[in-house]
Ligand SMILES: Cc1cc2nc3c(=O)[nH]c(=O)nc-3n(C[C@H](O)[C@H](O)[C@H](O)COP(=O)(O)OP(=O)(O)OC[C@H]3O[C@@H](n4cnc5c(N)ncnc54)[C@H](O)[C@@H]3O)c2cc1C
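Encoded as structure tokens, the following chain is the form predicted alone, with no partner shown.
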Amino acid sequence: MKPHYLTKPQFATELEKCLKCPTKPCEKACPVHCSPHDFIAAAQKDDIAQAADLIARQNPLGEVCGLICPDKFCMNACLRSHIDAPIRIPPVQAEIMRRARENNLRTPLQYAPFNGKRVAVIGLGPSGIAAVFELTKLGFKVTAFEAANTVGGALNLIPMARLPREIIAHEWQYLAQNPLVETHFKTTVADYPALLQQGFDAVIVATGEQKSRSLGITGESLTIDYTEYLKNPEKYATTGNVAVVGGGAAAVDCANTAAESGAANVEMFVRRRLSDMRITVAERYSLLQNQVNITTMTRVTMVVKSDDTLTAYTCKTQFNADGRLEDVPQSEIARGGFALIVLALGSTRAEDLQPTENIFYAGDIVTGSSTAVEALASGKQIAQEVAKRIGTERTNT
């Protein structure tokens, strides 16, 4: 897969499709309240700078979201779908931000005066970045702590063919030039109350989901976790057969990565039906393009190593009278010959949330697995809660 930018004719065609709905259903459907109605109107006048500014006012990762946002938000709300097909809003957004970036059309960042309050943000994935974005607009001085050596969090698991890392870096650098932002990379913070004692007025924890879900089966240690695989795909490149266990967006990324890295055959094992897979139309099409086999209503029950290959034992699943998934009796078979088996079952938070005064939590650590734009919305919302709790008035500090 390649970054989903539009060609000049495609861009013009999508802009022309806008019905200029006065109720702006696309804006209402956007978790960060970005208005496709308005930025499309600006782009129709060839005012890319204004269009990009309208996006950036609401979304600090406008180009990133344009490249990876699913079709279940603004596109799903687009009334054009009642005529032919919805506007491809995320690619339109990505194209606007690409043109603005490459032609230096971004509006210079406006700096709010320091309000005297300091906030620590732990984690610079989408929710943490959004918190920094919102807080600095209100004049808070923000010190961000990131355990990795770069920003992005789970965004860095998305294949670079879909989301080049320089796009994440560019959008962060635009925000980080604000003198109210201080960043510490390769810094892990575990004692949140200690930050309050050090003079911070509030702490926002945006560390995401740090623990991958497991199957709890015999031989699971022979598999590769999807986070490790997507971080280091070249390390696990193979010309053999690859199995991916899971049916979500992360599993799709793993399957496509394996196919594009030279695997002879790639097969996804999905416990539920094809229609139950929570993936976009584009993701479904990408699996077809890469000739990935999808074996549905199937559960992996055990993994065994046989010489230089792995064998996955699987059984069929079915919905019972109560609508619950259960194994089909006596349906287990052995599927051998895999060079690699990747577990892509999603993740969960690794710590319990301890409610403490002036310590707030944002993003996937609260909501569980979500899209980037939903994590951004969570970060913005929590930043606004912080502002209400501790105030925005200047102090003598």
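Remember, predicted model here, so these are calculated numbers, not experimental data. Numbering starts at 1 and runs along the sequence shown.
The protein also exists as the form predicted together with the named molecule; that form is not presented, and the subsequent description refers to it.
| query | Taking heavy atoms only, is residue 247 within 4.5 angstroms of the named molecule in the model of the complex? | reply | Residue 247: no, not in contact with the named molecule in the model of the complex.
| query | Any chance residue 62 has a heavy atom within 4.5 Å of the named molecule in the model of the complex? | reply | Answer no; every heavy atom of residue 62 is more than 4.5 Å from the named molecule in the model of the complex.
| query | Taking heavy atoms and a 4.5 Å cut-off, does residue 35 contact the named molecule in the model of the complex? | reply | Result no; residue 35 lies far from the named molecule in the model of the complex.
| Looking at the partner-bound form in the model of the complex, is residue 340 within 4.5 Å of the named molecule by any heavy atom? | No - in the model of the complex, heavy atoms of residue 340 and the named molecule never come within 4.5 Å of each other.
| Contact residue in the model of the complex, from 181, 259, 77, 154 (heavy atom within 4.5 Å of the named molecule) | Spelling it out, the residue with a heavy atom inside the cut-off is 154.
| request: Can you work out whether the named molecule is within 4.5 angstroms of a heavy atom in all three of 70, 147 and 208 in the model of the complex? | output: All three within 4.5 Å in the model of the complex.
| Counting only heavy atoms and a 4.5 Å cutoff, which of 356-364, 26-34, 327-335, 41-49 contacts the named molecule in the model of the complex? | Going by heavy atoms within 4.5 Å, the stretch is 356-364.
| query | Since the partner is left out here, which residues of 113-139 would have a heavy atom within 4.5 Å of the named molecule in the model of the complex? | reply | Contacting residues: 122, 123, 124, 125, 126, 127, 128.
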